[in-house]
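Before any questions on binding or motion, here is one chain by itself as structure tokens, the form predicted on its own.
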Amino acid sequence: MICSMVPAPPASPMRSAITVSLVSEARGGPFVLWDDLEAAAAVAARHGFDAIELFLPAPDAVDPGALRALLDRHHLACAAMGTGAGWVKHRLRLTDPDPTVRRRAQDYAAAFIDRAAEVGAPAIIGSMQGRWGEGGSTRDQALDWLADGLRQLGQRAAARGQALLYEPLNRYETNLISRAEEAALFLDQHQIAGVQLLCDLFHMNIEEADIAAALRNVRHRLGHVHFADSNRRAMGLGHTALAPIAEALHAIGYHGFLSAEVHPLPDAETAAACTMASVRSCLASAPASERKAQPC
């Protein structure tokens, strides 16, 4: 299979990850591996990934000691933990007009921050950010609630030695903030510490005029990349141009994860193999000076 033919690249500060979902309500969503965490870890290790990114139904769905043992057994890290079940399963949003719901959302996300930190990982705020206009809320109100929530959660994450990852979503999933530069400006203007951006290439393909330029412009906030093609399939199975993105990531010194939040199409094994081939292509495009600095 052509996706598996790319040789291993030289060492790079960027690392690879693949998504694993245990959230039944998210069935059909863009996660490569499902349901069986032990089997998923084995698949990730077999394809050469450095880490798995977890989407759990609740913060206490997995025992941290057992998770650390599983990761160690397969020589993997935990790249991040998504809080998306807070919305798809529990209907919690940081911008809900009901202050009681906002408080519950805050507590739920905080518990994920605590659990993720136990395995050395950040938590993600994506779909839990919500929308404005529902329940009569204005955009300014919703953005104030979002800023307040992210500020408190960012402080909590920083106190545990982690960043909180905030993900701008495309216009069909939120009407709050959809572009990377707008998100970085929002965080900067509100002086929100402890929060980095998760830039998802699928969302960026919809919203950005130039993905590579946008990544360069948010370098000071970039903490995580969802590595997905234009059709939300594995990178290499759509029409996103990888070369300028790879060049931008190397130019800004990005050293986080390239994490495959993609559909398992045509099947999970192919999605994993094609992702790894594209990751290796991306890492192999490092400047010669960077490659020479790496050990043999």
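Note that the structure is predicted; figures quoted are calculated from it, not measured. One rule holds for the numbers: they count along the sequence shown, beginning at 1.
The following text describes the form predicted together with a small molecule, which does not appear among the structures shown.
Here is the short version: of S127, S178, Q106, N217, the single residue with a heavy atom within 4.5 Å of the small molecule in the predicted bound form is S127. Across the proposed site, D96, R102 and A147 without exception lack any heavy atom within 4.5 Å of the small molecule in the predicted bound form. Within 4.5 Å of some heavy atom of the small molecule in the predicted bound form lies at least one heavy atom of E173. In the predicted bound form, at least one heavy atom of L169 sits within 4.5 Å of the small molecule. The shortest heavy atom separation between H250 and the small molecule in the predicted bound form exceeds 4.5 Å. Although the partner is absent from this view, R232 contacts the small molecule in the predicted bound form, with a non-hydrogen atom inside 4.5 angstroms. Note on the interface: of 195-203, 182-190, 152-160, 136-144, the segment with non-hydrogen atoms within 4.5 angstroms of the small molecule in the predicted bound form is 195-203.
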